[in-house]
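Starting off, we have a lone chain in the form predicted on its own, written out as structure tokens.
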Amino acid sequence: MPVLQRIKKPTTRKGKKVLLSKEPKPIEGPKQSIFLQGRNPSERTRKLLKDIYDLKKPDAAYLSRKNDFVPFEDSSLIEKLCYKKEAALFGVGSHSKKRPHNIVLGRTFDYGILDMIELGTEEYKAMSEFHNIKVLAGSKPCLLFNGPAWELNQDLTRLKSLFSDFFHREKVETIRLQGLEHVLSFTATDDGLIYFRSYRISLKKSGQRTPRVELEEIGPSIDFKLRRTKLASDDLYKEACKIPREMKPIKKKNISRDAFGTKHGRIHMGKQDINRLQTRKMKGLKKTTEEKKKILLQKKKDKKAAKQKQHVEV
């Protein structure tokens, strides 16, 4: 017989708040992430995970304890830790002779594995090797994806979506130019290499209203090589990207736009009596004295005829 899953019911006020915080929300905040060590991580892998953790802070947790597991063979530990830390994203570092300096980036849906992509580190320069001014922790970066390979390859398309999830923070409606100070650049090539670069934006005087923009590399500088992938099915991915009903815009009836963007509306009105329609009071539309006398005489005649008719009926 199948074992029925127990329904957790809160017994205290604090427990109720904890369960409510874990429920799905229409508007989500920045996604939390965890970074952990896999089987025999190398020094390069540790530093790389630490740098990505520094870019993701404060919406991240770094676990320094070693764990003897392989994500593509057994992902139960990741699902357990993601549930415990309430994290939707994860990164695992490992090292072996067959796959040296290995990084696995992935995300979960409903506390189950959704996507996992394995990347090899070909070249790496840590953030500490760049001796310059860094950006503030928690600042929202500008993400640049260079190259047509991001749209042509399905694995790279999912990796682009994964990078966007990792470094996307709160949603903003407007952008202040002086507040934009960090750029993350991802360049994909046809041979499967991904160049990850991080820059600080400097605004210089240009003699005009628009300032001159300069980019200064602040690290880390990583050359990734695409290895194994474990992607979700189209149905599961569609379900994970489903927009809640509360967030869908309410469609207004009888409103359309033409090719030039002009809004057109259709109004349905009842039958109207044109003779009683109130028009603008102008001197040219006023009744003359003779017209007023005729109307008065007609009203008197109608009134007299109505009285005679009533007298005859009686």
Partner chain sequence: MDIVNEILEREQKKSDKYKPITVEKHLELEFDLGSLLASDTNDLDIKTLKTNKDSYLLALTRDNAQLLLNKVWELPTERIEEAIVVRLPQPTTILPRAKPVPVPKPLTKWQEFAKAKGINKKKKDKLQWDEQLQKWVPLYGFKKTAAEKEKNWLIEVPQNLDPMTDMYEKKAGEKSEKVAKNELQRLKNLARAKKVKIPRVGLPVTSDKASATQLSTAASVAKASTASLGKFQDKLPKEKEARGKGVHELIPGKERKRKAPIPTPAAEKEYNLNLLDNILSKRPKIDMDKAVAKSINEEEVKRSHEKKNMKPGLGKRKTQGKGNATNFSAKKPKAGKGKRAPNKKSTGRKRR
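Take the two forms, superpose them, and find the largest set of C-alpha atoms that agree within 1.5 Å; that set is the rigid core. Residue numbers count along the first chain shown, from 1. Treat the numbers as computed from the prediction; the structure is a model and nothing was measured.
Not pictured, yet referred to below: the form predicted together with its partner chain.
The shortest heavy atom separation between P26 and its partner chain in the predicted bound form is within 4.5 Å. The shortest heavy atom separation between K97 and its partner chain in the predicted bound form exceeds 4.5 Å. At a distance threshold of 4.5 angstroms between non-hydrogen atoms, R212 is in contact with its partner chain in the predicted bound form.
Although the partner is absent here, S76 lies well away from its partner chain in the predicted bound form, with no heavy atom inside 4.5 Å. A heavy atom within 4.5 Å of its partner chain in the predicted bound form is found for exactly one of S128, T189, S233, Q154: T189.
Put simply, of L226, L203, I113, V135 only one has a heavy atom within 4.5 Å of its partner chain in the predicted bound form, and it is L203.
Residues A88, R107, T108, F109, D110, Y111 of 87-111 are found to place at least one heavy atom within 4.5 Å of its partner chain in the predicted bound form. When two forms of a protein are overlaid on their rigid core, residues whose CA moves 2 Å or more are considered shifted, and R176 is one of them between this form and the one not shown.
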